[in-house]
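Coming up is one lone chain in structure tokens, specifically the form predicted alone.
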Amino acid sequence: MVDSWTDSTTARERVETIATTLSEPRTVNWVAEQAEVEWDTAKRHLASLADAGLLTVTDDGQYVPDPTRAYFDHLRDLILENERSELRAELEAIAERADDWKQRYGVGSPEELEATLADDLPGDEVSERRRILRRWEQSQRSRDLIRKALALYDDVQSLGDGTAERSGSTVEEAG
């Protein structure tokens, strides 16, 4: 039985796992602490990941996943891990959710929903509308990415032999 991830992973694997899943720039100290490695070990592996193009270094020396690479990796994952019909079904589901939110709140867009936050509403209603607003904005980003994936689908599929393993994850999970 494995006691912890330090027993089952190398220092490089832990640094890479932490660094490539960051949502905001982080210092070497922060990554070293999260990966449970020494500072110089974290620094060496972060520099290597940056040299390989997986990470970028901010002006103040923090590390973050390369946004361009992350975008194209995400597109690739959508195409290789989903059938075309699954991507189309997700677009339909996104449209249905948006229609539901439009009817529920009597608005036509996320911007109009955001404008209702200034109305005289109970606190729990404002919190609910903010939650829906975040989901709606995320759905729009997912929709845009799925549309791009569908536009590139045949081109990317033709590059392989068409037997790429599909993970079975949902489009939203990949997004």
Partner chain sequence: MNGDGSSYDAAEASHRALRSIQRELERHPTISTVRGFPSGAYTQVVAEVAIDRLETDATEGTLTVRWFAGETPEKKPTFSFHYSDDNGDFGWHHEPNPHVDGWGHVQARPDSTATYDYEPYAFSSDSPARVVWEMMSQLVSTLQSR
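Numbering follows the first chain given and starts at 1. In this text, the rigid core denotes the largest set of C-alpha atoms whose superposition between the two forms falls within 1.5 Å. These numbers were taken from a predicted model, which means no experiment stands behind them.
Below: the form predicted in complex with its partner chain, not depicted.
- Heavy atom to heavy atom, is Q34 within 4.5 Å of its partner chain in the predicted complex? Yes, contact at 4.5 Å.
- Task: Report whether the minimum heavy atom distance between L152 and its partner chain in the predicted complex is within 4.5 Å.
- Result: No - in the predicted complex, heavy atoms of L152 and its partner chain never come within 4.5 Å of each other.
- Message: My question is simply whether L22 lines the interface with its partner chain in the predicted complex - judged by any non-hydrogen atom within 4.5 Å.
- Response: L22: yes, in contact with its partner chain in the predicted complex.
- Task: Indicate whether its partner chain has at least one heavy atom within 4.5 Å of a heavy atom of T17 in the predicted complex.
- Result: Judged by the heavy-atom cut-off of 4.5 Å, T17 is in contact with its partner chain in the predicted complex.
- Query: Do all of P65, A70 and L78 end up near its partner chain in the predicted complex, with near meaning a heavy atom within 4.5 Å?
  - Reply: Judged in the predicted complex, P65, A70 and L78 all sit within 4.5 Å of its partner chain.
- Check each of T27, T41, T56, Q140 and return the one that places a heavy atom within 4.5 angstroms of its partner chain in the predicted complex. After the contact test, the surviving option is T56.
- Message: How about R131 - superposed on the rigid core, does its CA move between the shown form and the other one by 2 Å or more?
- Response: Shift at R131: 2 Å or more after core fit.
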